[in-house]
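Next up is one chain by itself, shown in C-alpha cells, the form predicted alone.
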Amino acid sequence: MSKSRAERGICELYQEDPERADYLVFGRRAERDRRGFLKGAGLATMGAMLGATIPFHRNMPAGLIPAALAEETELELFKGKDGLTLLNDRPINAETPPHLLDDAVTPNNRHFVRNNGTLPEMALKMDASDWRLTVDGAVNNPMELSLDDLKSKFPVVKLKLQIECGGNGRAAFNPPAKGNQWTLGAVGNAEWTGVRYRDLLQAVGVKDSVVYTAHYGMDGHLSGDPDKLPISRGVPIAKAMEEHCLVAFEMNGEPIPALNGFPVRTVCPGWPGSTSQKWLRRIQLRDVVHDGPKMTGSSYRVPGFPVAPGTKVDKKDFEIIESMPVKSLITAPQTNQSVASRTLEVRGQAWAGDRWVQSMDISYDFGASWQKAELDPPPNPFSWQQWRSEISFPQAGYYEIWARATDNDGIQQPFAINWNPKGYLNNSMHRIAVTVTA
C-alpha cells in the first residue's frame, strides 16, 4: 500500500490488502489470530456498526465486508452527481470537471463533494423533523432551535456564494502531498438560502471573551466510534459576524442534498470549504482558538513563510488558512478540443477569497502577450465572477490558452505553484489545449 496517500476508499483498501483494511476500518486492535478470525476491539467495533453481535464471526474470511455495510447507500446518492469524478468512496469525495462549471450558479448535481466521515441517518432519510441546533458556549442566552425556528425567528436571505476546498489543485504538487488528489474542480458557486450567522450570534448574546466559533456536525467517524468526530472546525468571531456568512438550509431553492450537508450547514464563503460545516448540530462560542479535529497540527494550515519543495516544516511554524487566494478557471471550451475556426470564445469563472476579482487576462502564445477579458461584477460579494473573451488565432496549429485573474489588491495568479507540505492553496494559472484545424 502506498504511503503517500492518507485517504483511501474502502473498496480500494480491501482490494489491495484485506487484513490491513480491517485494521484501518475497524480500529487499531482489529487484529486476527493466526487462523484469520476477527477478534478483540475490531469485532466489537464491527458489531457496533451493525447494531448487533455476530454469532458466527469465526467463519468470516479476512476482508469480508458485511452485507449490511456493503449496500453503498452513499454511493447510490452519488449517482445523482452527473459527470463528477469520484476520488474516494469512503468518505465520498468527488470533483467537477471544469467544463461542467460553466454556469453562473452551480447546479446541485454538479457541486463538488468533500466529506470526512459517514453521512448521518437524518441526511440519508432526508428527514429533519428531529433536527435541533444548539448555540452555546460563552453566550448570554444559550438556544436550541428547530428548523422551523430557524426559518421563522430570523430574517431569511438568499446569496450566491462560492465554496472551494483548501486542497483544490493538490494533484499538481511535486513532491506529492497526502490527501485527496484534487485537480481543478473542488469548487462550486450555489445560491444558498438561510439566515445570517451573525443574527444567530446576536440572538444568543456573544460574550466579550469570545474569539472563535466551533462547529459540530452529525456525520460519523469512519471508525464507527460514536465518541470520535471526523471534523470540527470554526472561524474567528469576526468572520462569523461578516454579513455574507450563513447558516443555510436550502441550496438552489431546494433542501440541501444529503451529500452536501442536509438539513443545515454553515457557509463561510471565501475561506476553505472545511469551515462551512455540513450536517450542523451545534455552534459553540469559545474564548480560545478552536482545537477540534482538523483544527490543529498541520490540518488546513500552511507554513508562515515560503519553503522549498519537499521541506519538512515544524508544526509550530504552520498558520491557519483563512482567505483563499485569487483564482480562475476556464470552463469553455473543454481542454484538448479541435476547432475548425480561427476565432473562438473562451469563458470561465474567477474568485478571490475575501476580496474580488478586478481584472482577467488570457494568453494563447504561452504568456508572451495577454489580452483583457470581459469580466462581470459579482451578483453579491463572495460569488464568483464570470468572464469571457474572443480569441483570433493567426494560423492553424496547437495552442494553449492560459488564464490569470488579478484581485482588487493587485495580487495576480502565479504561473507556478507555491509548494507546501499539505498541498493547499494551489492557485496557479489554468491552462487548456486547443488544436485549430482551419
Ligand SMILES: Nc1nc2c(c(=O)[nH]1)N[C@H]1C(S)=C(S)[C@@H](COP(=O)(O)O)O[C@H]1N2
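Residue indices: 1-based, along the sequence shown. Since the model is a prediction, treat every value here as computed from it, not as a measurement.
Keep in mind the form predicted together with the ligand is missing from the figure; the text below concerns it.
Colleague: At 4.5 Å between heavy atoms, is residue 259 in contact with the ligand in the model of the complex?
Modeller: Yes, residue 259 is a contact residue.
Colleague: With the partner left out of view, is residue 179 within 4.5 angstroms of the ligand in the model of the complex by any non-hydrogen atom?
Modeller: Looking in the model of the complex, residue contacts with the ligand do not include residue 179, since no heavy atom lies within 4.5 Å.
Colleague: Applying a 4.5 Å heavy atom distance criterion, does residue 219 contact the ligand in the model of the complex?
Modeller: Result yes; residue 219 sits at the interface with the ligand in the model of the complex.
Colleague: Would residue 249 show up as a contact with the ligand in the model of the complex if we use heavy atoms at 4.5 Å?
Modeller: Output for residue 249 is no: heavy atoms all beyond 4.5 Å of the ligand.
Colleague: Identify which of 165, 326, 235, 159 has a heavy atom within 4.5 Å of the ligand in the model of the complex; exactly one of them does.
Modeller: Exactly one listed residue reaches within 4.5 Å, namely 165.
Colleague: Out of 273, 98, 263, 194, which one falls within 4.5 Å of the ligand in the model of the complex, going by heavy atoms?
Modeller: Among 273, 98, 263, 194, a heavy atom within 4.5 Å of the ligand in the model of the complex occurs only for 273.
Colleague: Please state whether every one of the three residues 112, 116 and 277 places a non-hydrogen atom within 4.5 angstroms of the ligand in the model of the complex.
Modeller: All three within 4.5 Å in the model of the complex.
Colleague: Given that the partner is absent here, state which listed stretch (123-131, 197-205, 310-318, 104-112) has heavy atoms within 4.5 Å of the ligand in the model of the complex.
Modeller: Within 4.5 Å of the partner lies stretch 104-112.
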